[in-house]
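In structure tokens, one chain follows: the form predicted alone.
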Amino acid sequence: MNEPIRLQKYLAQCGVASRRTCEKFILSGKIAVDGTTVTEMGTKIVPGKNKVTCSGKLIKNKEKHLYYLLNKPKGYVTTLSDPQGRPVVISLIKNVSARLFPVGRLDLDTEGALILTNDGLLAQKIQHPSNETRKTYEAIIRGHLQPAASAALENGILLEGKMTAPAKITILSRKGGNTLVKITIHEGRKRQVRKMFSHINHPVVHLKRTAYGKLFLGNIPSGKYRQLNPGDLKKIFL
């Protein structure tokens, strides 16, 4: 339940005007609460419960936009609910009343960077193909990746009837019969990275997203998150 707040503060939070101007609106009889004109400065209302109007126009509280970068663990689905009863990523964000949602998706078995927000415009900007938002992954793949296979991904391959956009591939290390590679793409097809490596006969053993643009996951532990600031948001599109 929301806590009662002073009427002029609520009006200012909703973007009606400055708090001082909102006080003048109250004194002049422009403000009504649940249909009754209010002119007392000490009046308090409960956001979401009381109906507030200004000159007959309903006032709605502008929800503050929140942004979090989560290190998604394996076994969590990037949906708001799951009919199979599997855990959802939203359950990892604690003590936040805003209705958050994941931006894009990560497979059940894929770990790493996942943005959660209540800002639909930002989510649309990140996911829209025209913005070519880069996503970087680290993948452990079967076998030793050869230059020709790496070049194929960097040039684009025909995947399910459509060419993939050029990727950037960096071999990080080799251990045993596997290769650790870094891959950067800007598309968002379902299970795309896994399908790309399977196409060149190097199936993915382990996959983790490490960055959106230049917004890096860093040392956030698995299952934990940090709140993003305006500077962080700019890095997404670099």
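Each residue number is its position in the shown sequence, starting from 1. Keep in mind it's a predicted model, so treat the numbers as computed, not measured.
Missing here is the form predicted together with a small molecule; even so, the following discussion is about that form.
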> in the predicted complex, which of the listed residues (Lys44, Arg191, Lys51, His206) lies with a heavy atom within 4.5 Å of the small molecule?
Replying inline: Arg191
> Ok, Asn71, Thr164, Thr110, Thr133: which has a heavy atom sitting within 4.5 Å of the small molecule in the predicted complex?
Replying inline: Thr110
> Counting only non-hydrogen atoms and a 4.5 angstroms cut-off, does Ile141 reach the small molecule in the predicted complex?
Replying inline: no
> At the 4.5 Å heavy atom threshold, is Leu114 in contact with the small molecule in the predicted complex?
Replying inline: no
> Would Leu106 count as a contact of the small molecule in the predicted complex, using a 4.5 angstroms cut-off between non-hydrogen atoms?
Replying inline: yes
>> Given that the small molecule is not shown alongside this chain, does Tyr76 nevertheless sit within 4.5 Å of it in the predicted complex, heavy atom to heavy atom?
In response: no
> Just one of 166-174, 30-38, 53-61, 191-199 has heavy atoms within 4.5 Å of the small molecule in the predicted complex; which?
Replying inline: 191-199
